[in-house]
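Below sits a lone chain in structure tokens, taken as the form predicted on its own.
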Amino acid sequence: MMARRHILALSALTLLAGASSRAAAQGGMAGMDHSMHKMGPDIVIPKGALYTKADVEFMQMMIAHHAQAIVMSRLAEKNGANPQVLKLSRKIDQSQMPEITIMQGWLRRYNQVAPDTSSWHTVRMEGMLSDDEMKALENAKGEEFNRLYLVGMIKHHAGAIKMVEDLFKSPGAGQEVDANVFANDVVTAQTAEIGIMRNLLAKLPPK
């Protein structure tokens, strides 16, 4: 039995290693399950381009990531968020919508597919809420909403930071100036917001 388990474990590792090698060979974003996140025709990178396939995938997937964060944030007012959570949710909404426009502009500049804000329905990236988690947030009111929003958005932001880390792990990625600045801005802004959200979460009444 033990030998069989070792064989199965070795087989799984071999499959994972193979998938990772194929992604690297294609220049895709590290850490991404490419079978689940295809957002259009195959990505073609012109010879001599300053960006990589991983940069394109990062921009496409971050649009979906941001779009879900905006949907979450726009629930705050009608679901009775407290003033501090409401203020933060508005800041996230007002900062991430223009960032989606920036990412779409970047993709179009390089003749790549630029997803719209509905893409979050069909894509799940690091940190994004599941359908069940979104439904729970939609139904929550008052303190329950505050808690679910803060916990969910901390996870969401941590996922975005992980996406940036994966981008910079991909060979040659994150070197195009605008992609580099944007990715670093995501880390700076969302790291600061995670700190704010943890403080707000600590001030909520115990369950």
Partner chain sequence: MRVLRGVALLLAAAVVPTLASAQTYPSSKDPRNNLKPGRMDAGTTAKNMKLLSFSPKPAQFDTVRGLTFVNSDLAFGTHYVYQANFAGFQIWDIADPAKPVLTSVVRCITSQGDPTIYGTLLFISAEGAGNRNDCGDGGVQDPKDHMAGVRIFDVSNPKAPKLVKNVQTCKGSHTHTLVPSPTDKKVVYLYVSGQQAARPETELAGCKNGTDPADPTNSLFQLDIIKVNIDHPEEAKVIPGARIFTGLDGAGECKQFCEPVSARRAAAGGRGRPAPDPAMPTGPRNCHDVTAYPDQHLLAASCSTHSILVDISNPEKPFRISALADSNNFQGRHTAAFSNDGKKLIQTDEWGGGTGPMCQASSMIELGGNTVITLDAKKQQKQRAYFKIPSQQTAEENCVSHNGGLIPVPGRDLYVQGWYQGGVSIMDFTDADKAFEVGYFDRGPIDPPKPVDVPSAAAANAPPVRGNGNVIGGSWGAYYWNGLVFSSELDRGMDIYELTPGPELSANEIAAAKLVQFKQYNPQSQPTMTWPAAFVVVRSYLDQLVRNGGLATERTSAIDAALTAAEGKSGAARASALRALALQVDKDVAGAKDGARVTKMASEIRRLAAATK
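Bear in mind that the values here come from a model prediction, so they are computed numbers and not experimental data. Positions refer to the first chain, counted from 1.
The same protein also exists as the form predicted in complex with its partner chain; that form is not shown, yet it is the one meant from here on.
Put simply, S118 is close to its partner chain in the model of the complex: some heavy atom of it is within 4.5 Å. When contacts are judged by a 4.5 Å heavy atom cut-off, I70 counts as touching its partner chain in the model of the complex.
Using a 4.5 angstroms threshold between heavy atoms, G152 stays clear of its partner chain in the model of the complex. Contact check for M97: a non-hydrogen atom falls within 4.5 Å of its partner chain in the model of the complex. Annotated contacts: T101, D185 and T188 all touch its partner chain in the model of the complex [non-hydrogen atom within 4.5 angstroms]. Residues of 178 to 207 that come within 4.5 Å of its partner chain in the model of the complex, judged by any heavy atom, are D178, N180, V181, N184, D185, V187, T188, T191, A192, I194, G195, I196, R198, N199, L200 in sequence order.
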